[in-house]
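Two versions of one and the same chain are coming, encoded as structure tokens; call them structure 1 and structure 2.
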Structure 1
Amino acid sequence: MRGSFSRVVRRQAVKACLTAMLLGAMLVPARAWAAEPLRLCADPANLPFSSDQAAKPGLYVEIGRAIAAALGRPSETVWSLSYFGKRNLRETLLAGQCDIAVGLPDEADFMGPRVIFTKPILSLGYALLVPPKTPVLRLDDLAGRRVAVQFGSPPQSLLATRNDITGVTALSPEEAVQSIAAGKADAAFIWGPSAGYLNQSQLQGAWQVIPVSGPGMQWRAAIGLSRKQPALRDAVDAVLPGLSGTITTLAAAYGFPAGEPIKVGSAAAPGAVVLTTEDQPPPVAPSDAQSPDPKMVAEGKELFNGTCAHCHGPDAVVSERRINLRLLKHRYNDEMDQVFLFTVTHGRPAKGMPNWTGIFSEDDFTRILAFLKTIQQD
């Protein structure tokens, strides 16, 4: 009895020992992986985003470090100049030189399927930099002023459509702020993170930085990885919700614009809208069987005329058939809703249709669709 008992015990002990050895063999590489530094791809001279200055590493480096810490891994920064954008990413991120690139635009077609993304971490965009104590609630509040814009930027195109605001062209956000200092401009309409950073570093943080939304004005930044790293991407996605407070605090510390954005579409288009509403009274009879909520339709129309009308025509009256949104029903029939929602949330970047995710809410899209349904033609 005893003998067999101890034999059993011994056998069990041997088994446990073997199991432990096997587990140990399996755990070693896993532990080594966990301890490996998370390598951040970053530009050494791109404040407020990243910098090799120890005292001020930049928002993206700090976010990368917070992610590494949340994953229980040390971090390491792999520096490379980002001037060449995609070429730089091909040679670093995609060549396996570093693991994550914080702050890439959250667009599936950014670099094709070779780059995969986490969930968005931040909304970035253009902003107004205006003197203290100047109330600015809409673009019209800048009427009569000289506003510095960067050459070739969406704000420059937008101001070109207004004869009440003088655009002062600059080659960089720094130059825009210099033209203010030199008395050549009263305000600037520039890339928001730069506006916030220059306000902190050159204007003692005394100016107001007001984010702006509208066509081409805002987009979302995510973290990019090589498609060979789906497990790391999922691991990062899993820790991001817990870091959202940290990210907001860090963004504020680097002066990134926060708060409710001014919608420029609604300020830029009224002239055009009034004209067409005059010669085109809004259709009363809905083309749809369900009667739409008139309030929703009116709100949808306002949103549409504020933003979409720039390309699709006020009240969706436009001569070019290809972009005529009065033909959605005719074109897609029962799939109209689906095509609409997919197109507004993905855009058709190659064709010039922006992605409106993050600029409009789902409710806004529903309202715009409700409006469009009232004006469909056969």
Structure 2
Amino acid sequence: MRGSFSRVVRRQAVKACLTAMLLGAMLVPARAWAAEPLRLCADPANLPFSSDQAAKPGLYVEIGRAIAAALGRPSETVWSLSYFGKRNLRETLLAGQCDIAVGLPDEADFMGPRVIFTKPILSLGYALLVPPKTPVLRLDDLAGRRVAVQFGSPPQSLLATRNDITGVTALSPEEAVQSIAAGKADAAFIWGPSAGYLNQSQLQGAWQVIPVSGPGMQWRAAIGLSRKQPALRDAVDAVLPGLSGTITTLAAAYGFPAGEPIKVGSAAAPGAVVLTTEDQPPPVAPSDAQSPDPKMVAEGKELFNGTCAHCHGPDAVVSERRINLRLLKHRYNDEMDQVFLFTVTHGRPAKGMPNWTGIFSEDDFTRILAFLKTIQQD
């Protein structure tokens, strides 16, 4: 009897142990998911947005970490250079190497249905960098001043219509601020996040950063995810309202211009510049075409195939009509040169086209354009 009871107790003990093991095994995936890091796609050298510097990780990295904390997950940063725009996202976000990319343009057609977006988290655009206590409520207030602008940018096109404002061309926001520091310019009209950050890091925060509204001057940024992650997108959207104050504080810490953009035609208000329709630039007449130099064409072809071919195909041969650079002349006729130079020096964020300023020189752009002119189709 005693032995029989002992066997029953042992069987019950074994059953209880197996049950506990089974329940434990069933709980492992849930615990493992909760412990999985939220992987953030980021550029290691793109301040004020992202950086691999521990002391100054950049706004997008800090936002990513705040989202991970709100989701109860650790964070992990997957570094990759963002020069190649959509190609970079295909090799990281869409390849499953990371989970979220902060700061993508909130455009429904950005990379088609492959990328889905959260609610917008930021408004980004151009801004004026002017001396302290300088009243600037409209473009007329810049009359008689030298204003540094980035080559090929909307501000440069805008100031080109004003005979009373002297434009000082720069190849980057950094160069524009250097022109100010060297006394070659009285103000700068550049990308707002760069204006604010450079004001902090190089001008000791002494200058005013005034956001500018108008066509082509402002964009909304959101967080992008692979379309395979709708549940994660919804989870991020759920925590974003609680992080709005944190995001605002972080943006201010990196010098991002504050305030809602003012639409064209609205009344002027302190802290924003209103651009009227009369301020918008007319089409620029193209220069007379010249026969390209064979050596220049060969060098342009080499440059193109070394970088641009990743998206636009070797020798610009590609099946997607919308990115077929052999149709530039067909699309833009006499404005082909102007459109090309504007696009490569300003980028098209909503389409995944990066700004190549600082990567290529002006001579490089001229060589690439010379090559493209030789392969145009009707």
Ligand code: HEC
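Residue indices: 1-based, along structure 1. No experiment lies behind these values; they were computed from the predicted model shown. So that the term is clear: the rigid core is the largest set of C-alpha atoms that superpose within 1.5 Å between two forms.
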### Task
Please state whether structure 1 or structure 2 is the form predicted together with heme C (HEC).
1
### Query
So, does residue 47 move by 2 Å or more at the CA between the two structures, with the core held fixed?
no
### Message
Checking residue 327 here: with the core superposed, does its CA move 2 Å or more between the two structures?
### Response
yes
### Query
After the core is overlaid between the two structures, has the C-alpha of residue 313 moved by 2 angstroms or more?
yes
### Query
What is the magnitude, in angstrom, of the C-alpha shift at residue 363 between the two structures when the rigid core serves as the superposition reference?
46.6
